[in-house]
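Just the one chain here, the form predicted alone, laid out as structure tokens.
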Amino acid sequence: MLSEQVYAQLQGAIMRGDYSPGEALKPQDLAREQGVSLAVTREALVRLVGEGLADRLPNRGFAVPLLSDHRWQEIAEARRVIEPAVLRMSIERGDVDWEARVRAAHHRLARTPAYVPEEGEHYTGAWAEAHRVFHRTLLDACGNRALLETFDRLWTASELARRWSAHRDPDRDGAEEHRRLEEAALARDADTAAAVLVQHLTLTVAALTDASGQASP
């Protein structure tokens, strides 16, 4: 499907930083570059808007989201409200197969380097995917597709901020935070798991908002 191909190409370009924060995404130019119709391009752009990877501007078309503290604080607030509740449901409903998937996802994340010289100062694509899979797996036993789709949208929007920021906090032990999440989830300790997740999300948004003023694509 052409719109799916255009969407995938634009998503990858935005996440790689090929477009700067706030840069216009002009449907006519994109359609010409991609060799597709304007309707196909607009369909892909509307999908990107729905995922938080583009903004729709009144009478001005589309643009890459601006990197602002307020934007990411809103996303983080939504995640802190939704994800701990979904995690509690997942811990309550998850079976042994879910436990095995959580353990495997954490193992992959722990063994994947976050930074390698050939990918520069930003964290690696492999680590980003392992990170997403771990957090998604923690929640996927909740059994509620609408909640998981909400997580997916919020994650994508958060991931854009993380990709743009090369900020590293030397005092933060993210690996230990993930280990504690896995441990509490597999122990079926919903209260601890939810508390660890809230702290994890709070530290993440603090790092992103601290760096947003100087982050570059």
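Basically, rigid core = biggest C-alpha set you can superpose within 1.5 Å across the two forms. Only a predicted model underlies this, so the values are computations on that prediction, with no experimental measurement involved. We number the residues from 1 along the sequence you see.
Absent from the display: the form predicted together with a further copy of the same chain. The rest refers to it.
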| message | Whether Arg153 contacts a further copy of the same chain in the predicted complex should be assessed with a 4.5 Å heavy atom distance threshold; does it? | response | yes
| task | Report whether the minimum heavy atom distance between Gly143 and a further copy of the same chain in the predicted complex is within 4.5 Å. | result | yes
| said: Please tell me whether any heavy atom belonging to Arg93 falls inside 4.5 Å of a heavy atom of a further copy of the same chain, as the geometry stands in the predicted complex. | reply: yes
| Is Glu149 close enough to a further copy of the same chain in the predicted complex to count, meaning some heavy atom within 4.5 Å? | yes
| note | Within 4.5 Å of a further copy of the same chain in the predicted complex, heavy atom basis, the matching stretch of 108 to 116, 94 to 102, 73 to 81, 129 to 137 is 73 to 81
| said: At 4.5 Å by heavy atoms, is each residue in His122, Glu183 and Ala187 next to a further copy of the same chain in the predicted complex? | reply: no
| request: Heavy atom within 4.5 Å of a further copy of the same chain in the predicted complex: which of Arg42, His178, Arg163, Lys26 fits that? Just give me the one. | output: Arg42
| request: Would you mind checking 39 to 54 for residues with a heavy atom within 4.5 Å of a further copy of the same chain in the predicted complex? | output: Arg42, Glu43, Val46, Arg47, Gly50
| request: Note yes or no: does the Cα of Phe151 move by 2 Å or more between the shown form and the other one after the core is superposed? | output: no
| Large Cα move at Ala39 between the shown form and the other one, threshold 2 Å, rigid core | yes
| task | Please say whether, between the shown form and the other one, the C-alpha of Arg60 moves by 2 Å or more once the core is aligned. | result | yes
